[in-house]
Ligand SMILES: Cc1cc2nc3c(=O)[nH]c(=O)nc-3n(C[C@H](O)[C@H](O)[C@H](O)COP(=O)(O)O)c2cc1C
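One chain comes next, on its own, written as structure tokens: the form predicted alone.
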């Protein structure tokens, strides 16, 4: 399976999942459940009961979900909206895992004493409940009655606990169900339903200023930044308005996540990171040579390319080696420049097809599309270039053009998904892009391992 096929197979792509965590010792497992839901393509927002915060801190969930964590029914969002009500109105499914006996009782009787119960009470979305508690608590008639009411009276999906060692030291039925089983229940709950709230502005906001985990350690990422300049004569050139801010933000973010970064910088107006390997270029031809060298060096090939540079679409057909005098006048004949990203994609596909691992060995390729007025051309550009992700933005929109510290982008992938982000800082946009790159790299490596593990027919020398 290629990385693109793995992305296309994500069962919760585009879904908003509300993950409620209550005060069970199994609360630590909710962190891994969040990872699994995210790996399925879900956008996850977390709600913690007061007792849950004593088992797992909100920062872990905020760092992984990229959303502020809701833990108080009185909390308001920065824009004045009530946090748990926004979640209740926009989530495709609410998942309570682990759910304690106390929470089951409160929910069965409609007592909204914590943010998890309040959100569930305020929502008409499907609810998946995964209880976890001591064995005698699970079999007590009160708990049995409450579970039956949630399942039969409210229509909730209850993923029953399993048998095994419990926190009390005893053994019995009460352990939180296996996490893949909970994920499967979530997928089943939304399988025949449309995305409930596709508008990102109506969903819970993204968190800012939270560091990512070091999920790019051991990866080599090539990033391009700035605008290329096409010489007319020794003193004049054709250029564009790119300042390099987006590319440099990507380099900073990738370095912070542990990647080895090669930054190919054209004309930039911001400082370059000291920890990156910096290659300076001027023209599109310079950038093409630098890309070929960086993507296929003598050592290991690059894991990903993020093409944030604004590459000139045209170059003078004739370049003079002397300054043109004003009196001579100036008429330019322009020739189109090569599509560098499509060139890299074609070369990578050719190398991968010849490699033992097949397409799974290809680097993850990310392109940018600066448009004005509409992003209608973006899907066609993604297909034409043969890349994994395309980041498109309307540079005519205030706060989203060249030279700004913010950006509003739409991320398209080759599997057909479209993720519209709100106006964010360029560093936050960079991290959102790298979130996708990190997931794609993990999927690529998993696919390669699966291919390597297939039995080989000795007489044919190829996988059976």
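Source: prediction; values computed, not measured. Positions refer to the first chain, counted from 1. Here, rigid core means the biggest group of C-alpha atoms that superpose within 1.5 Å across both forms.
Note that the form predicted in complex with this ligand isn't included here; everything after this is about it.
With this ligand omitted here, the record of contacts in the predicted bound form names 50-58 of 65-73, 50-58, 411-419, 29-37, defined by a heavy atom within 4.5 Å. Taking a 4.5 Å heavy atom cutoff to this ligand in the predicted bound form, the contact residue among 268, 295, 101, 256 is 101.
With the partner removed from view, the residue among 290, 137, 189, 348 that has a non-hydrogen atom within 4.5 Å of this ligand in the predicted bound form turns out to be 137. Proximity of residue 132 to this ligand in the predicted bound form: non-hydrogen atoms within 4.5 Å are present. Residues are counted as partner-facing when one of their heavy atoms sits within 4.5 Å of this ligand in the predicted bound form; in 240-261 not one qualifies. Residue displacement note: residue 219 has its CA displaced by under 2 Å between the shown form and the other one (rigid core superposed).
For residue 175, the Cα coordinates differ by 2 angstroms or more between the shown form and the other one after the core has been superposed.
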